[in-house]
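Single chain ahead, by itself, as structure tokens, in the form predicted alone.
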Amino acid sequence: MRQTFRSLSCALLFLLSFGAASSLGAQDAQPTPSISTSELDIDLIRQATVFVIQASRFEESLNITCFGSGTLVSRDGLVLTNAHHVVSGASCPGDVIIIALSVDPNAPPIPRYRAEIVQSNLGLDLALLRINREYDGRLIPTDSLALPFVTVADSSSVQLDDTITLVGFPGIGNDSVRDQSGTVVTFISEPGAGNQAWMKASVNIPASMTGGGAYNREGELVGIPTTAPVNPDLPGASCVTLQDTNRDGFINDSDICVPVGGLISTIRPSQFATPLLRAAQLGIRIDTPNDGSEQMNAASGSPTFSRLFFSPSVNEAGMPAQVIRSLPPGSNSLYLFFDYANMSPETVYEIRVTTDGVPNATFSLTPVRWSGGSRGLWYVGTSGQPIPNGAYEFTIVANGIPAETARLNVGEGIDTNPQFSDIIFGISDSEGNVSGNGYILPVGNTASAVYIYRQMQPEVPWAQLWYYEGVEIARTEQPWTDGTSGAKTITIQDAEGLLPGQYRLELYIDGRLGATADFTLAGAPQGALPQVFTTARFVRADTPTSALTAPPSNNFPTGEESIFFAFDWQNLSPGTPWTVRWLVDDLLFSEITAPWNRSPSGNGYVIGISNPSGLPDGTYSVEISLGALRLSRTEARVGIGQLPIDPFAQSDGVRLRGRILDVQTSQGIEGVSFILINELFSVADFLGRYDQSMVTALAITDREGRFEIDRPLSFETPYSVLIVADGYLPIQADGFTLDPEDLPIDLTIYLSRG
């Protein structure tokens, strides 16, 4: 759906043209509603909320390519937002990121800065930006910024029915920041992300608020409202034409159409952003050399989905605990499983759910970027949430186009049909005992599967089907000859050896899928466990190439700018998902899961981390896993082997604000400078030198005389204060302290004309 929004786009285009000097719409803007609580500092949150614009250079101007909201999470200009509207790609092809701030809480945002991407995770659709330039392109020293910011909280503490406040910009640059309160109605699970991959809110907000913030009652950031627009070139897309991008004098279908999404109720929990923040705060860059290999299993056609089925729970390997056709009343857990193919990080998918034909927003997943691989098995589900009785229909939608549907009745009686449990894989010994981790097995001649059967009847037809890399390799169909209930072991074998790679077992009862699970063969036997990654080591080297032959080292000096991690591997099939995690002092700062794209066996995979200012002292660890099984962990010390105390601590203290008035008229005075000088200097020292390094913070009053210091201040610290304005007598004081008993600090100051 392509639309032209001439009137709506005027404000945004004006801002891009004139930058920080503009205050368009301030005189006409109406206050937006906000909640009133004693704990939530909504004014601070609004100031820390930014409008993010991606643009591309065209001659001497900028063309808007994408937009969304974001949140300042550090004083020196770190902005947390979604990846889809800042990382350049097919949907958003821009190469310039502009940050617009709320100068007036009731007016549109004003473009003030440019930013760069310092960390991103496309699968989670999260990105961390750093403000590094003025709007006109001039470089900004990082330590010169003093911006309002919010605290990022541990989102795992959020519970169902908790009150949250969603904050962002509701329009395309012509609206002020908005906040809307609601409750958490459910959590949605996905592979690799646990039971809280997503939070669902009871309210819907506009798509332009994607990338903004979700806050708890204490005003802490616990999530990022997230949706993603469909690529404008695809049939299910919706977009708006904002500018005359081809400079032909008209805004029409020949111009760039900026993608837009629908309403948002889905929130990515903040815990997934924590590693990005840690890496940025440590100044660490992670470099994986590109070996020139093509990305395995890359999307080669339209997304497809198949083999949809339901399970009441998921086991520790992400496999269905049971295949079901209905749920009894009182159930509180349900998962939809499906196979997928031809997916990519830019695929936008959603799950639409209806109950008795009525849309069910609680269990639906609004459009988001795909976070899995290009093909495989996936699930979406919820647990701990009562599921009302009714006829449920789940529809998978890819790029705005409905694909496949599955149906399930909730509220039926207990299922008395024959059943199989989930399947556990392992290696059988000479006595028939199966051992191993369950889903990752070493390469050999055999692989065994164990499962529980219940309510089986003699002569009931059943079948076992084995697959390798999606192709059937073995099938057995016969009448059931075991008992009514018990445990059964079946085996697949090949005298010449089973190949490494992805396998699947399907069990059918009377033609109906009764159980299924995937497993991986990789590595050489080490007992019942696979040995895949070998000779893992840290090395000191100048380049990735020289790291291949460098001797291992577990100790590096303080100030080391880069270190490398290398390993060898064996029997790992291309396309097998693997995960590498980096930690410092057991704190995760990077986690990447990707399909293996090297040969099945080889030497010298190298990953490096670096910081031009020197890696912080600490104990660094690298963990390598297949699925949920950790196969390798290697440690090395930098410097003293321990991070500085509380390197990730958020600044605390009190926020100081107030109003400066004319003593005769009691009217607010615009343009007054409120200068806070640090405790090492007096006002006289500052007036004698005018050294910027002496200033702790500076605020300028608005047209109503209001001001706010943009950073938390410490209690009991003796600051010096200088207040100056043209035409008025200055005020100065040394030893100005803040008392915790006086919260909140909201001053009224009067100036006399000079």
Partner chain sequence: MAAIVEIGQQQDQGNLRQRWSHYFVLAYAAVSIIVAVNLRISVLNETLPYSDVETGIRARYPVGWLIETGEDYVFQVRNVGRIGYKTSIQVSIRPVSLNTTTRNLLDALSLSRAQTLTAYRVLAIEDGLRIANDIPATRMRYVFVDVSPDATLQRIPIVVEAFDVIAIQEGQAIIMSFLADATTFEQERPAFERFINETDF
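If you superpose the two forms and keep the largest set of C-alpha atoms that fall within 1.5 Å, you have the rigid core. As the structure is a computational prediction, the values presented were derived from the model and not from experiment. Residue numbers count along the first chain shown, from 1.
From this point on, the text means the form predicted together with the partner chain, which you will not see here.
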item	value
Segment that reaches the partner chain in the predicted complex - one of 81 to 89, 109 to 117, 450 to 458, 561 to 569, heavy atoms within 4.5 Å	109 to 117
Output flag, G390, Y392 and I401 jointly within 4.5 Å of the partner chain in the predicted complex, heavy atom basis	no
Residue contact check: L62 to the partner chain in the predicted complex, 4.5 Å heavy atom	no
4.5 Å heavy atom contact, D585 and the partner chain in the predicted complex	no
Contact flag, A495 vs the partner chain in the predicted complex, heavy atom cut 4.5 Å	no
P329: touches the partner chain in the predicted complex, heavy atom cutoff 4.5 angstroms	no
Contact assignment for the partner chain in the predicted complex, among I675, L629, I324, A321, heavy atom within 4.5 Å	I675
Contacts with the partner chain in the predicted complex - residues in 677 to 701 whose heavy atoms fall within 4.5 Å	F686, G688, R689, Y690, D691, Q692, V695, L698, I700, T701
L676 C-alpha relocation of at least 2 Å between the shown form and the other one, rigid core basis	yes
Shift of A48 between the shown form and the other one at or above 2 Å (CA, core fit)	no
Displaced residue check between the shown form and the other one: L62, CA, 2 Å or over, core reference	no
Comparison of CA distance in the predicted complex with shown form for L101, D691, at least 3 Å	farther
